[in-house]
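Read on for two forms of one protein chain; each stands alone as structure tokens, with the labels structure 1 and structure 2.
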Structure 1
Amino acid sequence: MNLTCRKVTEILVDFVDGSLPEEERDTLERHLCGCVPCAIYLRTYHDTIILTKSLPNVPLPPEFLTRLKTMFAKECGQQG
């Protein structure tokens, strides 16, 4: 399997959560050993997960939630 940096970004979540098949995991680990940008990306991705898990569970302000839902609905409507 030839692994590109773009493919790394597509399979990274499966790698981090441990659900990536062994052959793909081995290929990814070899890629990470030789690709500094992807290794940095993985570290940043992992650090982001750790930081977001440590955030307090605070509800969004109602105005922000309304704006977010409106933006999401608009984007989904344009995509569909």
Structure 2
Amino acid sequence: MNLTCRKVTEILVDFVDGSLPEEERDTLERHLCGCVPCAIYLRTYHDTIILTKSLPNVPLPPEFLTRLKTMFAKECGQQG
């Protein structure tokens, strides 16, 4: 079975999360060995996941944090 580059792109999500059936995975790996653009595409797809995963949380704006803490304390008091 031959895969087109488009088909390779379509099944990358299953390849990356390890859910691609063995036969299809073998076919895809053979395609990647002979297709430089798809090999680069896979690497940059993977890099996209790594970069996103590295995204830090931004701190809450100080004014909002103060407001939130005041509201929280007040609500907790009412609950208690």
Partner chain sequence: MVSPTDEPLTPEVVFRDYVPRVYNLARRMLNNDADAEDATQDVLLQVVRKLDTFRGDAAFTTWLHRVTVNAALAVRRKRNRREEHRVHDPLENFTEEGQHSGFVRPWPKLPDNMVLDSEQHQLIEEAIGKLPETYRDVFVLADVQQLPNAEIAESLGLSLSAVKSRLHRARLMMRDALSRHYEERLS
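Whichever C-alpha set is largest while still superposing within 1.5 Å between the two forms counts as the rigid core. All residue numbers here refer to structure 1's sequence, counted from 1. Because the structure is a prediction, the values reported are computed rather than measured.
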| property | result |
| --- | --- |
| Index of the chain form predicted on its own, chosen from the pair | 1 |
| Yes/no, Ser19 Cα shift of 2 Å or more between the two structures with rigid core fixed | no |
| Thr70 C-alpha moves between the two structures by 2 Å or more, core aligned | yes |
| Per-residue CA shift, Val58 (Å; core superposed between the two structures) | 4.8 |
